[in-house]
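There is one chain below, alone, in C-alpha cells, taken in the form predicted on its own.
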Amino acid sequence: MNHSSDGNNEKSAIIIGAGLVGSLWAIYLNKAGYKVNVYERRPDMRQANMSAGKSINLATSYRGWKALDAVGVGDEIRKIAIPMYGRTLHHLDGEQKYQPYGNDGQAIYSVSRGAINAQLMTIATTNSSAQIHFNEECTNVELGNGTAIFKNSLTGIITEAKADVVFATDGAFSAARYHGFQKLDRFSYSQNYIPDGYREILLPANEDGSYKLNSETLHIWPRGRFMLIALPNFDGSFTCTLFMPFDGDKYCFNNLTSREKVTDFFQEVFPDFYAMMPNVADKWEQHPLSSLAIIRCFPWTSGKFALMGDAAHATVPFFGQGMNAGFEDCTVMWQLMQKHHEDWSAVFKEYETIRKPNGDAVQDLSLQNYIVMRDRVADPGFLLLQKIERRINLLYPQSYFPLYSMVSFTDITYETALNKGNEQEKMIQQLIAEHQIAEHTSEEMIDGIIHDFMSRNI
C-alpha cells in the first residue's frame, strides 16, 4: 500500500508520532496548506481507555501557551488546565511553607497528558486535511527521499508513505531516529539514565469530591535525596509522583518489596501524606515503576527528515519543560518556515543550529532543578537567596528575572536562562555574604542594599 502526494502540486508532510508535539505540529502544517499524514504506533487513545504512555501530569508554562496560542488552540487547552501559583513544601514535621513562582499571579498550569494529547489530536483532524493513522509502527525510513515504512500491528499490512517533508516526533526512543539517523556517519548519540526512577500514585478526592490539598499550588515533599510531588486534577484528585533512587540508598525503590515496607516507608517519611491515604500500599502496584533518561543527539535533520520534541532532546521532568520545549520547537520551526519561504533545507539547517544549544540547556536545567526541588528548597540558605531574588525582581521587574521566571514565564532562550541564572545566583550569594544578610534582616535594609547594588549594575 502506498501513500504519497499525487501528481498535483499539493504540499505534503508526514509526521511520525501523534503525541503532544506531533499533534500540535500537524495543526501548524495544516495551517500552512500541507496535506498531513500522521502515523502513530499506539491505538487511538480517545477510543480506548488507555494512558498516553507515561502519564506524569504536565505543567504548561509561557513557551507552551505561546505555541498553542499562535495557532489559536490555547483557549481550548486552558479549559482543561489548572493554574498553580507556587509550590507548597511539606516538611517531615508537618510544617507547610508556600513559595510563589513569580509575581502578580504568574502561574504554571497542571494538565493531564492524556487530556491535552486527545484534545490536540481532535483539533488536528477536525475540518482539516490532516489524518492520523493508528496502530502503525515505523519499521524503516529513507531520509534522503522522504519515505517511511509502517507496519500495521492489527493487520500486518505494510505501508510505504512518501512526502515532501517528514517530521519524527515519536519520542525519546524514536523509531525514525533509530532506523535512519542512528545509521548515519558522524551522527552523535547518547542515552544516559539517571539513578532515580519514578512511580505514580493517585491521591483520590474527598468523599464529597473536594481536594485533600490546596489545588492552586504544586505540592512537594522534599527529602534530600528524593521527593514526592503532587499536581491537581479536575476531579478533585492529585497525580502524585515519587522520584527516588532505584537502589543503593536507605530509601530506594528496590527496598520497597512488600506492602508492609511501603506502609512503613510512607508512615516514616511522608506522615502527612500517609494520613490522607493510609491505603497507599494497596495502590502501590497500580502504576509501573519507570526509569528516566536524558537523550542527546546531533544532527537533528537529514535529507527530508527533522527530529522534534523528545526525539531530539528528551529530558527528565524536573523543570516541567519537556512539553514546553517540544512546543517551542514548533514555534521556532514555524518562524523559520516563514523566514525561508519553506525552503526546507535552509529551514532545517537553521532550526538545528538554533535549537540544539537550547535542547542541551533544558536538560541541564532539568537536572539542576531536581536538586533544587528535592533538597535545596528545604535549605534555609537557599530560601534566603530566593527571598532576596524575588525582592530584586519585584523592585526591578524590567531588568531582573530569576532563573525560574526566565524559564517558565518568558521565552528567553534556555541557553541564556541557564547561563544568566547561574551568574545571578553567584551574585546574590556575594551580596548576602558582603552585607551579612540573614533571615531576620529587615526588608528596609534589604531594599537599601538592593537599590544600591542595582544602581551600580543596571
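Worth saying up front: this structure is predicted, and the values here are computed from it rather than measured. Numbering starts at 1 and runs along the sequence shown.
Keep in mind that the form predicted in complex with another copy of the chain is not shown, yet the notes after this line are about it.
- The partner is absent here, but in the predicted bound form a heavy atom of H179, alone among R78, K387, H179, K349, sits within 4.5 Å of another copy of the chain.
- Of the listed positions (Y98, F382, F234, F187), a single one reaches within 4.5 angstroms of another copy of the chain by any non-hydrogen atom in the predicted bound form, namely F187.
- Candidate site formed by Q191, I194 and S291: every one of these residues places a non-hydrogen atom within 4.5 angstroms of another copy of the chain in the predicted bound form.
- The shortest heavy atom separation between W284 and another copy of the chain in the predicted bound form exceeds 4.5 Å.
- Interface residue remark: F246 is counted as part of the site for another copy of the chain in the predicted bound form, having a heavy atom within 4.5 Å.
- Contact check for K261: no non-hydrogen atom falls within 4.5 Å of another copy of the chain in the predicted bound form.
- Contact annotation for K183: at least one heavy atom lies within 4.5 Å of another copy of the chain in the predicted bound form.
- Only one of 82 to 90, 316 to 324, 128 to 136, 171 to 179 lies within 4.5 Å of another copy of the chain in the predicted bound form by heavy atoms, and it is 171 to 179.
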